[in-house]
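Encoded as structure tokens, the following chain is the form predicted alone, with no partner shown.
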């Protein structure tokens, strides 16, 4: 355990050296939030509507506020397994006295920790600017939200590792991973609340596991999910996460058998 804690600490220190990269990403998230803030204020004002798909303007603004935070927890860009398999540096992880998968987990978590630390002042700025539109959760739902996003990270790791492990057999997957990650993010509700979708399409999106990455935790934050449904959601997240981890384990185990370490 001590060696993994040391690995996390070293990774954190290393990545924290390049704070500008993270700040640029956070600034883009701020721009994203304020664009949608202005857009939905205009939509609600022009149509004279008080709600869209049971979302008031305050619900909608809060949704994007929460999404801007969840984006900081997204591990998609922080996993380097595919790239290192493809260029051969993955061998360095295999020959050292630790579990290679744990190393990639710790690297990603160290970068998520940096993202959170650097995002705090920006989140405070957003909250002050849009305080009258942001709905805060009850204490119970705040705790549920924390558990939900932690389970969401577990699921996100499982999905992403499955995609990365395909590199063992299919070669360079960077482009495909980026494309699939964008599609997953869209299906998860990162662009708009899934409740805005019409009947059959909404049913389809809600049946997918990806909504637990963005849409579901945002609704938990806004107290829009009854406690019993939150608990059911946790079971479903765990179920999907375990399924994807099992798929990854199979692909990874078979991939190690054909990995040559020669790189490209």
Partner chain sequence: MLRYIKINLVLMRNSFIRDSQMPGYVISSFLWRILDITISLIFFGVIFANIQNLAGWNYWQVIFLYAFARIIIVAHNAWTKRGIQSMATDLIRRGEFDFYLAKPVDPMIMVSIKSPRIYNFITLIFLIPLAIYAAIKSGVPIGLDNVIWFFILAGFGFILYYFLMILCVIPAFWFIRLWTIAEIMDKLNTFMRYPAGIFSEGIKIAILVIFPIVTVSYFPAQILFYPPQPEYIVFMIFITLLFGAVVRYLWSLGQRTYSSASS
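Owing to the predicted nature of the structure, the values given are computational and were not obtained by experimental measurement. Residue numbers count along the first chain shown, from 1.
Keep in mind that the form predicted in complex with the partner chain is missing from the display, and what follows is about it.
Visitor: In the predicted complex, does residue 18 come within 4.5 Å of the partner chain, counting heavy atoms only?
Guide: Yes.
Visitor: Test of understanding: in the predicted complex, would residue 54 fall inside 4.5 Å of the partner chain by heavy atoms?
Guide: Because no heavy atom of residue 54 falls inside 4.5 Å of the partner chain in the predicted complex, the answer is no.
Visitor: Please tell me whether any heavy atom belonging to residue 182 falls inside 4.5 Å of a heavy atom of the partner chain, as the geometry stands in the predicted complex.
Guide: Because a heavy atom of residue 182 falls inside 4.5 Å of the partner chain in the predicted complex, the answer is yes.
Visitor: Spell out, yes or no, whether the shortest heavy atom distance between residue 29 and the partner chain in the predicted complex is within 4.5 Å.
Guide: Within the cut-off, so yes.
Visitor: Among 94-102, 187-195, 134-142, 155-163, which stretch has residues whose heavy atoms lie within 4.5 Å of the partner chain in the predicted complex?
Guide: Residues of 187-195 come within 4.5 Å of the partner.
Visitor: Heavy atom within 4.5 Å of the partner chain in the predicted complex: which of 24, 246, 10, 256?
Guide: Result of the distance check: 24.
Visitor: Looking at 238, 206, 231, 42 here, can you tell me which has any non-hydrogen atom within 4.5 angstroms of the partner chain in the predicted complex?
Guide: For this set of options, the contacting one is 42.
Visitor: Determine the residues of 35-73 with a heavy atom within 4.5 Å of the partner chain in the predicted complex and present them in sequence order; the list may be empty.
Guide: Read in sequence order, the residues that approach the partner chain (within 4.5 Å, in the predicted complex) are 35, 36, 38, 39, 40, 42, 43, 46, 47, 49, 52, 64.
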